[in-house]
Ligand SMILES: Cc1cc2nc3c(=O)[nH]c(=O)nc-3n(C[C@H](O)[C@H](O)[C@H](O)COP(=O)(O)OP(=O)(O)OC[C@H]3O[C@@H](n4cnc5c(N)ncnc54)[C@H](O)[C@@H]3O)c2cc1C
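Below sits a lone chain in structure tokens, taken as the form predicted alone.
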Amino acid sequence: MTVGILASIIAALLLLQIAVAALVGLSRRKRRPAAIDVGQNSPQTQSPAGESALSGSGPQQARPAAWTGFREFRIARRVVEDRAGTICSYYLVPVDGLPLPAFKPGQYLTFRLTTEDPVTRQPKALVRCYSLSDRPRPDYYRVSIKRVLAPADRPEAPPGLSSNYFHDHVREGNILEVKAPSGHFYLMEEEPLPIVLVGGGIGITPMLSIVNTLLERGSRREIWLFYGVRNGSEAVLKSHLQRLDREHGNFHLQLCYSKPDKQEQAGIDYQHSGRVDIPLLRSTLKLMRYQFYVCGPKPMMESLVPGLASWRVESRDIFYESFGPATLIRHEKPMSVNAEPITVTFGQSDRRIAWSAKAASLLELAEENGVDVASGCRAGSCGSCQTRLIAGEVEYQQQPDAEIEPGHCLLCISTPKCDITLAA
């Protein structure tokens, strides 16, 4: 064998070895599993509340950041949700067609409406907040709004301006201006504690968002939902909630009717007769630590929230939100008592009004005296009532959630510390 032939054989063997190695590498690459799509059922990588996967069963995608200012949305669907016809859901899709940012279950949307002043019949700008009533989705948001009528004991009082505008004028195809989801009442997920949700009347809407989010993710947290209404005619999405109760062993629906109809049977149409109160919670729940979320009208809030504290539930486990004029203010420090009389001057309205300790806030003082001031959440979150403070100083009853511009104040959660002048 010549040196040339031997060199050729060695070269061929080297080429063969390289080829075999390449084939083995390719085979291994084909057998290697693709990157695992860790869904939100995995406790190791569970996303924060609201950062859920997009609709459908595909891999999780990046969600856009929240927009600033107002964005145009079209009403895609309008659905009456209760037998009484007083609650309607509105499905909102972005006019620009871009994906929607996620939100934290329990948060709300802020709407800017142009309505008609019932007295002057002139166009009136109105800002209002409504809780999101479904889990985060990439293509639409949903809010469910109750028509607010004049109180039965005060028929002369005006009905809810914004809610009646929605029910009477907002139809499929209409365009509305909407701010990005916000609010500091939402599902807390730092600890996998069992949760108790209490929704009174339309206060069920943020609870629907929380329930739908948790169960869609496959969460195994124990979930108790106490839903209080007068009777079945007012119950929202009752069949949906009952289906979830049947399909999920960790979800416990407790329908509470304060005035059930004669044909409605306890144990079949509802679980409890009467209002949601502390004795009911104590008799139904096991003796263990829970996270409590409460949202409802003023009587419920004024009963349950202090009642939970008296039951020795730790404040860190109590989350609540009121709505409309029924807002329950979280007093984080004792309100100061002013010995000297205080005057509040509304510059634009040219009104000088003596401050009354009976007024819960500057916003309430303005409304009681006919001073027109924009407002929304009434809890220091949306910033709609932000007003320039020309002179003086105010005191906040709780920590504001909204960002406040320099030289401004939020009227809904503030009181005057001295004579003040407002640009309103």
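Start at 1 with the first residue shown and count on from there. Each form is matched to the other, and the largest set of C-alpha atoms that superpose within 1.5 Å is called the rigid core. All of these numbers come straight from a predicted model, not from anything done at the bench.
As for the form predicted in complex with the ligand, it is not shown, yet the points below apply to it.
Out of 246-254, 160-168, 97-105, 347-355, where are the residues with a heavy atom within 4.5 Å of the ligand in the predicted complex? Of the options given, it is 160-168.
Taking the ligand as it sits in the predicted complex, is Arg128 near enough to touch it, meaning that at least one heavy atom pair lies within 4.5 angstroms? Yes, contact at 4.5 Å.
Arg154 near the ligand in the predicted complex, any heavy atom under 4.5 Å? Within the cut-off, so yes.
For Arg135, is any heavy atom within 4.5 Å of the ligand in the predicted complex, or not? Arg135: no contact with the ligand in the predicted complex.
Does any heavy atom of Ile202 come within 4.5 Å of a heavy atom of the ligand in the predicted complex? Because a heavy atom of Ile202 falls inside 4.5 Å of the ligand in the predicted complex, the answer is yes.
The ligand isn't shown here, but in the predicted complex which of Val148, Val305, Leu215, Leu281 has a heavy atom within 4.5 Å of it? Answer to the contact question: Val148.
Align on the rigid core first; then say whether the Cα of Gly376 has moved by at least 2 Å between this form and the one not shown. No; Gly376 is a residue whose C-alpha shifts by less than 2 Å between this form and the one not shown when the cores are overlaid.
Rigid-core frame, C-alpha of Leu363, shift of 2 angstroms or more between this form and the one not shown: Indeed, Leu363 is displaced by 2 Å or more.
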